[in-house]
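Quick setup: the structure tokens below cover two forms of a single protein chain, split into structure 1 and structure 2.
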Structure 1
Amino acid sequence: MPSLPSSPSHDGRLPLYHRIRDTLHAEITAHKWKPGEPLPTEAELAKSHGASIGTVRKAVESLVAAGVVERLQGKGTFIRRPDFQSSLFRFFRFAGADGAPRVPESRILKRDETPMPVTVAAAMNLTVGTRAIRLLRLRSFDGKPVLLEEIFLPRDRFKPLLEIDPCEFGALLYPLYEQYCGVLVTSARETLSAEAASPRHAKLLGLETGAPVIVIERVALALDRKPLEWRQSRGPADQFRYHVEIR
């Protein structure tokens, strides 16, 4: 996804569409419009920015190309809300007896405060030792473990999560971040690897020590591309799949 500035450019040497794009991007970053809400029409934007509709259209198309907004045929242009749940089904075969995808149940096994580990701090561009909230989460089907997740969040930004009953966390965390912390995850970087299950991970996943597991490391990002969350998810290799559509 192209990187866009989080503050508007005031360089008059830049093309007008470029400056309008930067202004709109900064306004979206500041939550002037929430995910799923429509942008003003091109005519309204052209009037407010003193530009032609063609210039505004070029600015909006640039935001579409960057994945910040999306056009819905016959409805308009909307602030994009990415579907992170699709990532889960891209990598693991989680389905019911009828073959339909199922979202695993989730349970917080542990929530504590800890200094940010060196590798996590580096991935999130934070100082080593930054105070973090660590979550250990187990996802399962009918009581059978299928995915183990370790999550690190900067404490200062996610402090309200320390006050929530772990039972309230639910299956999806990103809506919780938005509701309680005002933090919106809009994109992520993911890296896949494989390893032999350690005794600790094997016990939690109900596997034999040394059994093959797939590891997905994710760094979740804000609209301005700043890291918000680091997460490692581990699941049995026999549940692993990979699906991607190439166009």
Structure 2
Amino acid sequence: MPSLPSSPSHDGRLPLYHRIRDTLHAEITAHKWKPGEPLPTEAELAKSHGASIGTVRKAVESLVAAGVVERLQGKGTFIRRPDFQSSLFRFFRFAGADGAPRVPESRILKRDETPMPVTVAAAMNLTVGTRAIRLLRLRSFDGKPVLLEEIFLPRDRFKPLLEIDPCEFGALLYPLYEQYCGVLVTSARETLSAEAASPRHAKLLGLETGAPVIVIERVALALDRKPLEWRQSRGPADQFRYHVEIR
């Protein structure tokens, strides 16, 4: 019999392992433990949640499946340090001569403040008119452009970015967000589409107008799944390749 339900805010009819999972997830989201830190042992969790080890195990297993924690036999269960590295390597063949992934250089072409465009606000679940920081960013290998990105960030949360010289942004933005704004991207929703390059995009990417271009629209999310960043990336279609398994 389930005893001592320890997640008072939940419907008691939910399975116990489900409630334990939700409680743990909420605690992790609230940074009760930092990334890399261990959770309490299964025995401790069982005791503190008034459940058997098997039930706790089932709860933890679903957190593993969700990518929130990681179990290492003989060591413990750890909060996953997100190695979220954008989807570049999933979608584009950016590899060095040895096949190892290569991060393209990055140049900020423009940084300004605007109201969030309607479509962006909608995708991020923000009210229209929220103030935004907009970045226009060109990424390249050895000076050859490969990716053009337009990025919108809610201004209030990302204000510190306005005070840094864009030349010092570096090749990756997400570490910057973490360092200066205390904001951690852990997942994203992306939509792929394709189009013919507009004259402006073609020029910036070094393509012919009308050449096929892949468009990746991304909403980057925090651990609690709140939208943090909206981004649209365009790259030449001939660099693009994506693999799926379906059934």
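The structure displayed is predicted, hence computed values, not measured ones. For the two forms, the rigid core is made up of the largest set of C-alpha atoms that agree within 1.5 Å on superposition. Residue numbering: structure 1 sequence, from 1.
Comparing the two isolated copies of the chain, the second one is the form predicted together with the DNA. Core-superposed comparison between structures 1 and 2: the C-alpha position of L228 differs by less than 2 Å. When the rigid core is held fixed, the Cα atom of E195 travels less than 2 angstroms between structures 1 and 2. Remark: with the core as the superposition reference, the CA shift of G143 between structures 1 and 2 stays below 2 Å. Its Cα shifted by 3.0 Å between structures 1 and 2, G76 is reported here after superposition on the rigid core.
We note a C-alpha movement of 5.3 Å at L45 between structures 1 and 2, with the rigid core held in register.
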